[in-house]
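Presented as structure tokens, the chain that follows is alone, the form predicted alone.
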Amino acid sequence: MYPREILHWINDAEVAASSAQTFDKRCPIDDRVVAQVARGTAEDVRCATAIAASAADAWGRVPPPRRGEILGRAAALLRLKERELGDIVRTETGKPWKNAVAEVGSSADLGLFVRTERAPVGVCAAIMPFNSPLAGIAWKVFPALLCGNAVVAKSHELTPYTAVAFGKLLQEAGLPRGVYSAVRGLGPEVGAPLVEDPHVNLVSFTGSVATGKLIQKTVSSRPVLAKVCLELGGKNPLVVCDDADLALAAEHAVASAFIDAGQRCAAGSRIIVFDRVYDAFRDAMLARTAAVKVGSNPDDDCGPVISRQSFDRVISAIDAAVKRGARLLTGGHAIDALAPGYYIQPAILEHVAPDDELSQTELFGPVTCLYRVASFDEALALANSTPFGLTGAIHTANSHRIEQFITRYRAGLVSINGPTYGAGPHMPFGGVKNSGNGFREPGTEALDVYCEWKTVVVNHDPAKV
């Protein structure tokens, strides 16, 4: 059951904010205030990081198989508590039940891989967005702990309880006291002190470009540098060639654009279509979009956006694009029958200029744009024309086009005849340009994030050998 009061999780206990202040957590399904959340301060961050620093040394000396045993139990508990945790994710995000439960399963999968022969970093700050609150924590915390680090998590203020529930699960699994903490509060008041804290040796952040760049700058100005891992979103293209299976392409384009109400960094927000099949594909995509069920019930497909602020921002962005000359083909409005929840009818626009704000910035809502191109080279140039490079997809039967797209499209993930998302929980994920700073999570590549290389040189005295 979702608690009425959400506190910090520090030293394996729920702890009130030192300020004694709180803020409201509203459910995006119906705008209800479901909990009061501790509004943390820099003092709370100092407490959490000091405890993490004291616990990190002992945890780092625990043999990797033992660490894996504890985290394996945590993964098993995730599956055992599927309904409980699925309900938390649904309450916090408004996701349909099947999507919330699927997130629990994918989070449990992240607790399976175990191998490290490198040195732990120490204390890791894990800062997550709101869109996949449990998967986001598992994505960072499982590999961080397996590598022998302590973690202080700061999940988004709009999804505050998931990180605490995860802490209770780790405690039940046998994680030593103080190795995992979770602080609650707003970014400037809690996130900034966490990034600045001298105990923190690594900041792993998933979120906006502006915040990621600020974190990079902040860490650079610290007396002692820390590692920074950034995953900063995308403006991901899905290219539909003139030899594509249009029904399949439309299905994947709709799923890419509207699952999780478009609130995912791998969302397909730019659908680039060859001129020869543009009209037929547009019709197929509109028909597929019309079948999307909006709501948070078990059989629904597209939930609400996370907050009233996001709702207003997305609607305003659509209206502004139309005023600039875009054509709204469907959706883009509030769903009165689901008010006061933050539901937006999935929107498709066309005639949006490639350099328009809507083409260049991540909107994080159930909105996508169609673009008409004359050739493969034009499609590729348009795909590469944003400051992002996270994911991309191409639908074609032509092997030459496939190989050219893989080689020439600049991104961290390329999908062939599929959606713009879905690499799997054990595959490395991240991007180039403004989508990230080169690190990849999770997968075995996460070892490069959560471990430090240590070179050891032993010089023997030949006379004593």
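So that there is no doubt, residue numbering starts at 1 and follows the sequence shown. All values reported here derive from a predicted model rather than from experimental measurement.
The form predicted together with nicotinamide-adenine-dinucleotide (NAD) exists for this protein as well; it is not shown, and the discussion that follows is about that form.
A.B. asks: Counting only non-hydrogen atoms and a 4.5 Å threshold, tell me whether V195, L214 and G234 all contact nicotinamide-adenine-dinucleotide (NAD) in the predicted bound form.
C.D. replies: Each of the three qualifies.
A.B. asks: Taking heavy atoms and a 4.5 Å cut-off, does Y421 contact nicotinamide-adenine-dinucleotide (NAD) in the predicted bound form?
C.D. replies: Taking the distances in the predicted bound form, the answer for Y421 is no, it never comes within 4.5 Å of nicotinamide-adenine-dinucleotide (NAD).
A.B. asks: Would N297 count as touching nicotinamide-adenine-dinucleotide (NAD) in the predicted bound form under a 4.5 Å heavy atom rule?
C.D. replies: The answer is no: N297 has no heavy atom within 4.5 Å of nicotinamide-adenine-dinucleotide (NAD).
A.B. asks: May I ask you to check whether S155 falls inside a 4.5 Å heavy atom distance of nicotinamide-adenine-dinucleotide (NAD) in the predicted bound form?
C.D. replies: S155: contacts nicotinamide-adenine-dinucleotide (NAD) in the predicted bound form.
A.B. asks: Although nicotinamide-adenine-dinucleotide (NAD) is absent from this view, report whether V151 comes within 4.5 Å of it in the predicted bound form, heavy atoms only.
C.D. replies: Residue-level check for V151: no, no contact with nicotinamide-adenine-dinucleotide (NAD).
A.B. asks: Only one of 285-293, 162-170, 126-134, 244-252 has heavy atoms within 4.5 Å of nicotinamide-adenine-dinucleotide (NAD) in the predicted bound form; I'd like to know which.
C.D. replies: Looking at the other structure, the answer is 126-134.
A.B. asks: Which residue, G389, G332, G207, G94, has a heavy atom that falls within 4.5 Å of nicotinamide-adenine-dinucleotide (NAD) in the predicted bound form?
C.D. replies: Going through each option in turn, the one that passes is G207.
A.B. asks: Considering nicotinamide-adenine-dinucleotide (NAD) in the predicted bound form, which of P120, G191, G341, P346 comes within 4.5 Å of it through any heavy atom?
C.D. replies: Of P120, G191, G341, P346, the residue with a heavy atom within 4.5 Å of nicotinamide-adenine-dinucleotide (NAD) in the predicted bound form is G191.
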